[in-house]
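First, one chain by itself in structure tokens, the form predicted on its own.
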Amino acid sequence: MFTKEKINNLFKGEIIGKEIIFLESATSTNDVAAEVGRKREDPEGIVIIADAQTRGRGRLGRAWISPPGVNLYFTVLLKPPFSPAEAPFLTLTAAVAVAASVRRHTGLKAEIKWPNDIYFNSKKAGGILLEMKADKDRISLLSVGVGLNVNMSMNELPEEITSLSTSLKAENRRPVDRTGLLGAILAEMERAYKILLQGNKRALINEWIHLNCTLGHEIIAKDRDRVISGTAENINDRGELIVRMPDGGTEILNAGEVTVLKIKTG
């Protein structure tokens, strides 16, 4: 379980983890991050961790089941010198950090489904929720929220999503040290964020490609009020998904809900 001593010994980087706020429970760590961002003169790098969330949420307003003592729920505050149009790249960066850390820390083959989901064997175990304050040309503050099912039993989830969901414990057949994993993820986020600040987007794109389970597959994507289907072909320098359509043309998605279709064999 999390203890004050363990939290105090978590990774502290030059940017990320300069201050860590730990809560036994929160509505959501992104809610707390928004409040901290309003009150602090320089909130970049502050990490908010909760052992449980009472109103955890994912993308598109969906609830994120957040029981105490088993999973990771945390938010990192960042102030990147980018335009709002570049914000999706921070989702990609965070996903790379989570998937790479899980692979190294547990040996499990974590994969990324564009744009923000962490998958194992076609089942979802985590996601990134990016919330932004910005003016026309510049991001004022980003809350990068991460939810990851670590030691949760699948019977804690609603029946309708158990066949679509998993946890590290379910995949690993044994519990995972949450504190050690959290420290590894924060260290990896620091490394990836510095690469991004140095302008080397291509390095992170290459890492994302290595970790992804989307490219090369047939997909169905819901983007605002339209639905498209095609082959996920690549991602561009903004982290947007390039989809090859059946007529040979391309569509570019900067957000949306993507379903990866299983490849038929034989």
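Given the structure is predicted, the values throughout are model-derived calculations rather than measurements. Residue indices: 1-based, along the sequence shown.
Just so it is clear, the following notes concern the form predicted in complex with ligand BTN, a form of the same protein that is not shown.
The contact residue chosen from 230, 58, 37, 67 relative to ligand BTN in the model of the complex is 58, the criterion being a non-hydrogen atom within 4.5 angstroms. 129 is the sole member of 129, 92, 78, 110 with a non-hydrogen atom lying within 4.5 angstroms of ligand BTN in the model of the complex. For residue 193, no non-hydrogen atom is located within 4.5 Å of ligand BTN in the model of the complex, even though that partner is not displayed. Not displayed here, ligand BTN is approached by residue 117 to within 4.5 Å at the level of heavy atoms in the model of the complex. Contact annotation: residue 150 falls outside 4.5 Å of ligand BTN in the model of the complex, judged by heavy atom distances. Under a 4.5 angstroms non-hydrogen atom cutoff, ligand BTN in the model of the complex lacks residue 186 among its neighbouring residues. The stretch in contact with ligand BTN in the model of the complex, judged by heavy atoms within 4.5 Å, is 26 to 34, chosen from 222 to 230, 26 to 34, 206 to 214, 39 to 47.
Applying a 4.5 Å heavy atom cutoff to ligand BTN in the model of the complex picks out 145, 146, 147 from 132 to 154, in order along the sequence.
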